[in-house]
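Starting off, we have a lone chain in the form predicted on its own, written out as structure tokens.
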Amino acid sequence: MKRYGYFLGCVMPVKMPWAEKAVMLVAKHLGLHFDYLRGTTCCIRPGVWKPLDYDAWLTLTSYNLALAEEQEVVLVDSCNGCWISHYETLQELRENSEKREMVASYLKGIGKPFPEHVEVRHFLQVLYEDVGLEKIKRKVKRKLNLRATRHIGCHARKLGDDVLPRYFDEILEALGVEIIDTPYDKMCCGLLLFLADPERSVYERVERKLNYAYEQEADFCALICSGCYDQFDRAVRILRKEAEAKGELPKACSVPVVHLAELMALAFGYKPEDFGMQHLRCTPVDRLLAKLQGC
């Protein structure tokens, strides 16, 4: 049986503790040998660090790969940004002998093994390829019977639309979610754009996505990437603050943003309080839970 080392990342434990708990509940419920990757550093976000200092990005990210080698686990990411950083670093080490030697020298100097046999997998790959859709369907105790838009995120398209985006959709549908296609499904959340142009990042990306979800009467917007959630959370807080003077809630702020693992936990029979679903959210889930109870 494969042993998995879950890379938690920076955002999830700070802003998404309910998603962290849900991921662990779902993994154990599916019978996976699943635990945290221990002793990690940041993934060294590639969208920032690669253009600033490529060697620093490659070397520091390799440290996490070395930990997975040392702990003899498959490195698993649910955040697309963390996954793409680890995935591309591993590719570079295997294809570029010069960079491989540089990283090997660094790791030897700190007493860590070179990641010779490491495998990097997205959580969606673990669910769809290792667990399988049929087993997930068998584990469903309660069909959700909800309608949702979804945001898969840019980096999840690295392997093509027929891999992670398709896995995401088919797992949602297996839980009983009706997917609402939108004109903005391939639009970036605007996370890195926020560093250059906050207004475009908020109003042309997140607000547009959530406004459309509201207009289509979606029960929620589903995502899996912690980096994308960070951007949704930031944008909703900005929109809410700007609306305070008007005394009305922007429609974009009334659409819950929900992690896939939460939906799986609910469909598997867990209660919202089992993973703290009601707390620390950019948008409330009370209306969503009330509807779910009525299903």
Partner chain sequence: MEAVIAPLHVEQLNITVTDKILVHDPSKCTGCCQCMIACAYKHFKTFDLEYALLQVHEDPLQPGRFINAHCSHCVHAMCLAACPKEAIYRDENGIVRISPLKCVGCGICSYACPISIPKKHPRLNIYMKCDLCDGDPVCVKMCSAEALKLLPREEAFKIVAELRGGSP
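Positions refer to the first chain, counted from 1. Because the structure is a prediction, the values reported are computed rather than measured.
Keep in mind that the form predicted together with its partner chain is not shown, yet the notes after this line are about it.
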Fill in: Residue among Lys251, Arg240, Lys50, His29 with a heavy atom within 4.5 Å of its partner chain in the model of the complex
Lys50
Worksheet entry | Single option in Leu133, Leu193, Ile180, Val163 placed near its partner chain in the model of the complex, where near means a heavy atom within 4.5 Å | Leu193
Worksheet item: Going by a heavy atom distance of 4.5 Å, is Arg205 a contact of its partner chain in the model of the complex?
Response: yes
Worksheet item: Even though its partner chain is not shown here, does Pro46 get within 4.5 Å of it in the model of the complex, heavy atoms only?
Response: yes
Worksheet item: Would Val140 sit within 4.5 Å of its partner chain in the model of the complex, counting heavy atoms only?
Response: no
Fill in: Residue contact check: Arg100 to its partner chain in the model of the complex, 4.5 Å heavy atom
no
Fill in: Site check Cys154, Lys158 and Met187: each within 4.5 Å of its partner chain in the model of the complex by heavy atom
yes
Worksheet entry | Partner-facing stretch of 141 to 149, 119 to 127, 216 to 224, 197 to 205, counted where any non-hydrogen atom is within 4.5 angstroms of its partner chain in the model of the complex | 197 to 205
